[in-house]
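There is one chain below, alone, in structure tokens, taken in the form predicted on its own.
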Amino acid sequence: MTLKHGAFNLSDRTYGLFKWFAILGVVTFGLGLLLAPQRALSSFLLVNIGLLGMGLGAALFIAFQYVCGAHWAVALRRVPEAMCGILPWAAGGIVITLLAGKSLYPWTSEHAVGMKGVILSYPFVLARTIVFLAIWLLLIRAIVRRSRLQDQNGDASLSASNTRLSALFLVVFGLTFWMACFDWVMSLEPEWYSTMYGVYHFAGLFLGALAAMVLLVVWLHRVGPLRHVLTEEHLHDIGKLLFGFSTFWMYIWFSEYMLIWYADFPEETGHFIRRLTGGWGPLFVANMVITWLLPFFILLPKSVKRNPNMLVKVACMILVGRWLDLYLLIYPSAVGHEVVTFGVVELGMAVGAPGLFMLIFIRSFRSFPPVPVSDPLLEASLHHHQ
């Protein structure tokens, strides 16, 4: 017996598994609030930053393709569009974290002076968070809506309209995302700052979204909707992006670490010292190995970037690295750096997040044709490099 979702069949067992994962995450969060509220709120922040990054990274992928006039990914565009479905949920989670998780942010109970006191004013932080999220959601929704409307009316001018909207979204994102990163994550340590923080988070979220795209397009190829769409050439191009942004992430990581290490200012080095002591050191190194070192050497050969099984393994590795990266950014500050904290709360919510993501992705993907059937570049995408 199967549940039919749009153009493909999904077994009851698989769909039910995603539901149980999501339920486990919700139950774990509820129990965590009762037994270990600081850890539950920290994990809730981690999960929502991660999910928001998936949706924003997918939206950036769509916007880049429109602005560059790239045709190769048009046939796969329904995947990042469906990934954007997680954005309202994650945005709501961010707002809830700021409302209920004041204990995570020391500046909410301390009076900072000067410009820092103005910037880290709680009403101001909450207000600009809502504004940032609302603008992102409105622009992304408009882009996705026009793409899907084109399936119905075949209006080629909608592609040009989306190109303009995508350019606007990229500019707005670039101007607002860096401040959002400061508000939601860097302000967990208000005494520390880094001008590269926004770029670092951009590299991480886009890399994580690419890894998720790899898993989803290969899965959809195997279960049906993209069986006659996805080719080795598409895989090769996604693999090259995965390779490139893994290295870009490492470049930004090293640049930030090297400059702070070389300058050796106590107010800056404390951030890294907290993540190199108390048992955090091995995780600190593992983050680099999992997110860059192993993917770099594995993805060097062309044949690997065209091999779906190998790409899936590397993508899974990078997604684990993405979770570990956020864990290292949030937990030593919000929970404490004396000892590594990981248990049922963190594990349950780490399992629940992909469950929720997949439920929303499936519902969004099955609502429209699996490829943008009326896009004028679809034919070129289907015969990419042929």
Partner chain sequence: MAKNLISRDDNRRFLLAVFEREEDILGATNAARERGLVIADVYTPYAIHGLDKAMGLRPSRLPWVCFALGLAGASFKVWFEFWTSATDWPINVGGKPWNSLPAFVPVTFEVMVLFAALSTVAVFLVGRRLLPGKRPRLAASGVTDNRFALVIEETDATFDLGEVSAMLRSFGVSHLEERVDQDLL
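Computed from a predicted model, the values in this text were never measured in an experiment. Positions refer to the first chain, counted from 1.
Below, we refer to the form predicted in complex with its partner chain, which is not included among the displayed structures.
**Q** Are any of the heavy atoms in Val118 no more than 4.5 Å from a heavy atom of its partner chain in the model of the complex?
**A** Taking the distances in the model of the complex, the answer for Val118 is no, it never comes within 4.5 Å of its partner chain.
**Q** Is Phe254 a contact residue for its partner chain in the model of the complex, using a 4.5 Å heavy atom cut-off?
**A** It does: once its partner chain is placed as it appears in the model of the complex, Phe254 has a heavy atom within 4.5 Å of it.
**Q** Just to confirm, Leu300 within 4.5 Å of its partner chain in the model of the complex by heavy atoms?
**A** Leu300 belongs to the contact set for its partner chain.
**Q** Whether Asp155 contacts its partner chain in the model of the complex should be assessed with a 4.5 Å heavy atom distance threshold; does it?
**A** Because no heavy atom of Asp155 falls inside 4.5 Å of its partner chain in the model of the complex, the answer is no.
**Q** So in the model of the complex, are Glu189, His234 and Phe272 all sitting within 4.5 Å of its partner chain, heavy atoms only?
**A** So, no: the whole triplet misses its partner chain.
**Q** What stretch, of 194-202, 76-84, 259-267, 137-145, brings heavy atoms to within 4.5 Å of its partner chain in the model of the complex?
**A** Result for this chain: 259-267.
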